[in-house]
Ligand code: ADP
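Just the one chain here, the form predicted on its own, laid out as structure tokens.
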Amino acid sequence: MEILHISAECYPVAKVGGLGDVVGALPKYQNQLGHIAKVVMPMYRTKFLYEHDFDIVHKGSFGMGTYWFNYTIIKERTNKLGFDLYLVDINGLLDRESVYGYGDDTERFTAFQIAVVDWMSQWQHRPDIVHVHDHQAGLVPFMMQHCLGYRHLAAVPTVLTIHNAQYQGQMGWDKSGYIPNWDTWEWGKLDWRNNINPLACAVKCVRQVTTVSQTYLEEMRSNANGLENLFEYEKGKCTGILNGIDTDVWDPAVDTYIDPNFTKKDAGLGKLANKKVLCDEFNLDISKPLFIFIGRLVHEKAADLLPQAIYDSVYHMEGKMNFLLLGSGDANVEWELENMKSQLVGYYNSKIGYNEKLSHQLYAGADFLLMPSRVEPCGLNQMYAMRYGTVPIVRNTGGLRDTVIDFGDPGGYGIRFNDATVWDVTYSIHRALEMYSQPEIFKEIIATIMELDFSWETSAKKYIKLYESIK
């Protein structure tokens, strides 16, 4: 089959969160299964763009409301990522360094989708599957089926993967003119609560909807930022497929970001050496267990709980641990975390921002990973951590529930808690200290989690089976 993935992110071209990791890995594994998977995304002005060679494969133009845009499609020349990568360039909209955060994001991603559909409409053949990811590609199925100039694409099966239902791309009906000449009898597919809602529109139009864990699929029917009734109504075409991780990239045996490399057999010495690098750089005590957090400092990740949870843990547990955080997001949380450095010298440190190398070092050198998320559709960090022998401490939600079994349960290896509260986080840290104080048990748990298989092979096969069911 030929599968076209349409996404706003793809690692390592441009990544903000888990969406980028998934789109950077799933197509590669689908190709390894003998299919032809391709990715098309915006041409942001990122480091990847300037360090690789591209060929121009198409030029076109389109109208969007009162605007007229020229666009260019370029293709990465060497197939470096393990699949064909296409970038869409639209001057004035997509020629920026960051992925999101601009006042005209609605216009940017609507134009991106129009360009992709317009380009696809001129192919001499049709892809077997068009697979769209999140709301930034959510209007594509509607345009393929109900825009008058593109209806010859209507028979192509479409699939939507929802990586986070909280973000839906809503826009007012005053922007309905952005969508190329469309059948107004179909306005109901665009509408949700008197707005155009690209995510809801995609759910209505595609043949199959997937989300990134079975538990999150169930949770969306009660917590989906206003789309709960839609997911209940459309549950017959919804499937949960757990994300995998790219085990070529996330492998402590060959990871070029860490030193030394290690395997399960020498994990004790390997992790200790990587821990020493971190403790030396961030003024922490190597003899104590190291707790880390990696991610966006936002409400969704419960990052606002971290300052108080860290204070309480250090003071009430006699400073028996270290904390090291990497992330960025809410300015108030960033300020609190930075201000804590001078108050918890030797027990705590942080790095505000995004640093791919440091994130790998943290997974390799840490003892425990904190993930107190209020919402976590799948979560990849806990899988990365376990691949590197770092024990996850997670809230019992979404994909965290599907991938981490509490060590108090039969066959368990991690720590789970129920509520996103400071109390639950600190109590879980206390449980982690108990685990750490039993070296033989802790060693067995590390060996167990490093053997768990979270690779993409199984998930990629499930996607192929799903595609075959709708062809």
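Please read these numbers as outputs of a predicted model, since none were measured by experiment. The first residue of the sequence shown is number 1, and the count goes up from there.
What comes next is about the form predicted in complex with adenosine-5'-diphosphate, which does not appear here.
- Listed residues 252, 295, 138, 270 were compared with adenosine-5'-diphosphate in the model of the complex; 295 is the one with a heavy atom within 4.5 Å.
- Taking a 4.5 Å heavy atom cutoff to adenosine-5'-diphosphate in the model of the complex, the contact residue among 106, 214, 72, 359 is 359.
- Partner contacts here mean any heavy atom within 4.5 Å of adenosine-5'-diphosphate in the model of the complex, and among 139 to 147, 193 to 201, 256 to 264, 287 to 295 they occur only in 287 to 295.
- Taking the partner from the other structure, adenosine-5'-diphosphate in the model of the complex has a heavy atom within 4.5 Å of a heavy atom of residue 381.
- Though the partner is left out of this view, residue 327 does reach within 4.5 Å of adenosine-5'-diphosphate in the model of the complex, counting heavy atoms only.
- For the chain shown alone, residue 229 is not a contact residue for adenosine-5'-diphosphate in the model of the complex, no non-hydrogen atom being within 4.5 angstroms.
- Remark: residue 368 does not count among the residues lining adenosine-5'-diphosphate in the model of the complex, judged by a heavy atom distance of 4.5 Å or less.
- Using a 4.5 Å cut-off on any heavy atom, the residues of 341 to 356 that reach adenosine-5'-diphosphate in the model of the complex are, in sequence order, 353, 354, 355, 356.
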